[in-house]
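Just one chain is shown here, as structure tokens, and it is the form predicted alone.
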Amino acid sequence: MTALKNLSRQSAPAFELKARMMTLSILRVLSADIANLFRQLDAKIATAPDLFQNFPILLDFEDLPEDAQRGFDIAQLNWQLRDRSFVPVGLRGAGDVLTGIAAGVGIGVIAAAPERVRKQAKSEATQPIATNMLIRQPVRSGQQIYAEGGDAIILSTVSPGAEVLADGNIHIYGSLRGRALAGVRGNTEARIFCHDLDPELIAIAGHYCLSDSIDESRRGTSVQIFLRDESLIIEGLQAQRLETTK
């Protein structure tokens, strides 16, 4: 009987391996000057030190010329990031030399999608979204709401420490005190609409803005947030309404 139990236990599945889309911040390397990179990164960390604890990131070298990549010290970048509590989970856009070095220091490589596939993915990401999630109660600290495949519509407040994510737009008809991340699967056309803005973090398609980077004149006001030239734009809804009545 014991032998049968052991055999049954050994034959039962011990794991599942699944592909899954996940939100991941990207560190885009624009210069081979590592010292300057970390001076600027340390200044960013100082603005919100708790945000970057055990913070997973994808290293992106697509904008760094390949000749600059050849002399780039990826090993130093890796341990310096880990020393600051970042967790590099992979890199993309690197040439053959840098890719080989990265593999040697334990950083995985994410293959770039062919141009046709990237264009198709972008096209699909901007299609109209029909499946929405309506939340009537407050989103409290520690809670995470994810509207997969559609918009998140919050009729109440998003508290500090709470997080709302959506593949589409985010509409918050109360106060935003926590985090709001729209277009998390790459929809650059997604927007965040908020009745009372005072967030910990806002993001669209991986482009984010921390609380202390928000213009004080926008706090406590009704706004819409969208991407323009890879920068987050915060625009007053009241001004928009006045313009449309002319």
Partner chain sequence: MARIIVVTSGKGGVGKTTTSAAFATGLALAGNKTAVIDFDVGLRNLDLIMGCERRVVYDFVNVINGEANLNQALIKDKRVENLAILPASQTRDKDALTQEGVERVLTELAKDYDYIVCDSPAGIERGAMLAAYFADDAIVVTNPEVSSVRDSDRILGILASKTRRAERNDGRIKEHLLLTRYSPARVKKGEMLSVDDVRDILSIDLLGVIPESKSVLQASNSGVPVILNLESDAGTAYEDAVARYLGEERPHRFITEKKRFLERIFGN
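Positions refer to the first chain, counted from 1. By rigid core we mean the largest C-alpha set that fits within 1.5 Å across both forms. For clarity, every value in this text was computed on a predicted model and none was experimentally measured.
The same protein has a further form, the form predicted in complex with its partner chain, not shown here; the description that follows concerns it.
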Contact residue in the model of the complex, from G150, G90, P160, G100 (heavy atom within 4.5 Å of its partner chain): P160
With a 4.5 Å heavy atom cut-off, would you call G106 a contact of its partner chain in the model of the complex? no
Contact test in the model of the complex: Q143 vs its partner chain, heavy atoms, 4.5 Å: yes
R185 within 4.5 Å of its partner chain in the model of the complex, heavy atoms: no
Flag R179 as yes or no: does it have a non-hydrogen atom within 4.5 angstroms of any non-hydrogen atom of its partner chain in the model of the complex? no
For the chain shown here without its partner, which stretch in 67-75, 82-90, 131-139, 163-171 has non-hydrogen atoms within 4.5 angstroms of its partner chain in the model of the complex? 131-139
Core-aligned, does D50 move its Cα 2 Å or more between this form and the one not shown? yes
Kindly indicate if, in the model of the complex, the C-alpha atoms of Q143 and D50 are closer or farther apart than in the structure shown, bearing in mind the change is 3 Å or more. closer
Compared with this form, is the I204-D50 Cα separation smaller or larger in the model of the complex, the difference being 3 Å or more? closer
